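Let's start with one chain on its own, the form predicted alone, as structure tokens.
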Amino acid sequence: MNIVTNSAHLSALTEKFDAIFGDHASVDYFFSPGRVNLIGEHTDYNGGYVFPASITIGTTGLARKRTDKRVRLYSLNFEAMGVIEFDVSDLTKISGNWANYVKGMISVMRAAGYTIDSGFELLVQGEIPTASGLSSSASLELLVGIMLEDLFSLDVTRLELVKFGKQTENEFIGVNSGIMDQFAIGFGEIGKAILLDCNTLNYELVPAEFGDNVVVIMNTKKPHDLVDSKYNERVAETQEALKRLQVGGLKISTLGELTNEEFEANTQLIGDETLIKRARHAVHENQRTKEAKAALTAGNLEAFGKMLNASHASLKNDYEVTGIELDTLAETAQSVPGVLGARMTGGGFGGCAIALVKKSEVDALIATVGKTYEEKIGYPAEFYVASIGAGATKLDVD
């Protein structure tokens, strides 16, 4: 449980709950963070390693169980939608509606045998820019998960909730993403990054100690829609490359099992240049992620930064998921004195990039990258320093 320090923020949300739902008697408070992935992009669904961390911006929820079957939802991020109401047994999707994440979590948890038999009221406010690549959707999924766990006294493990979030994303929403986002949000700890083997779900908490440097998040402010983007296409391409390697005789179940050398020695089995490039990124990025963890643990931040740069180049040239906005942010940042490395983070096609930069040069980074970005793209980017915080939790509110 977390002790809330920003009481003014929660007081404002409580007042809003009063205005929408009549009063706040018996209301409970929840918080679910966003996440930033330090390195290891598009490796999760390829059975590789990722290296994310939960951050201190996220989604706050105020919830109260009802005695009838009505679910009533309100989001301060989508106030024009007003109060969304449905019967707890009506879990059909609503086109283009954030309530689908709530319905999805109820649906998959019920299918797993958990009893959610009455309605509830839920007010949410997300601080994460929507479609920014910082996992606003997974943050909401885990928020709903811990809320349902608490309101209905469910004996559910954290790993189950993480898997339910992924299942909601994959089967209810329709995005073929891996488990990284939900795992980082579910298991995050203050000051720690998570080295996660997405093939086995074994993980290691690694102190994210950057010395005189900080991670700056650079938001393109270009939304990415992973359902409509080429995200699912990349999943299909790497799956096809894997299939061809298997048909060719390699005894592997994921691309993440290959070393760089093993992959390069067998590219002829794939036989398609585009598929080779996609698979090359997945394999090389996986190796890079393990090396980056070793560099960070050893305090070799210069080597760590160079791996961030190499990751971005691979995502640009082999995986082709960056675009002019992300390239402008990352590549401009890489040229700024005091920046050890920069790369896109998240699924790509918009969203955010990160830069590891000396604390004394943060203002210079923002000024230089901001000016270049606005001149080239035509509108300003947003910048914020990432603080690594705790995972999804119920809040203690006095």
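No experiment lies behind these values; they were computed from the predicted model shown. Sequential numbering from 1, following the sequence displayed.
The same protein also exists as the form predicted in complex with a small molecule; that form is not shown, yet it is the one meant from here on.
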| item | value |
| --- | --- |
| Of Gln287, Ser177, Asn219, Asn309, the one that lies within 4.5 Å of the small molecule in the model of the complex (heavy atoms) | Ser177 |
| Residue (of Tyr74, Phe187, Tyr231, Phe86) lying close to the small molecule in the model of the complex, criterion heavy atoms within 4.5 Å | Tyr231 |
| Partner proximity in the model of the complex: Gly40 to the small molecule, non-hydrogen atom cutoff 4.5 Å | yes |
| Non-hydrogen atom contact Tyr29 with the small molecule in the model of the complex at 4.5 angstroms | no |
| The small molecule contact at Tyr45 in the model of the complex, heavy atom, 4.5 Å | yes |
| Proximity of Gly58 to the small molecule in the model of the complex, heavy atoms at 4.5 Å | no |
| Interface segment, criterion being heavy atoms within 4.5 Å of the small molecule in the model of the complex, picked from 63-71, 359-367, 340-348, 326-334 | 340-348 |
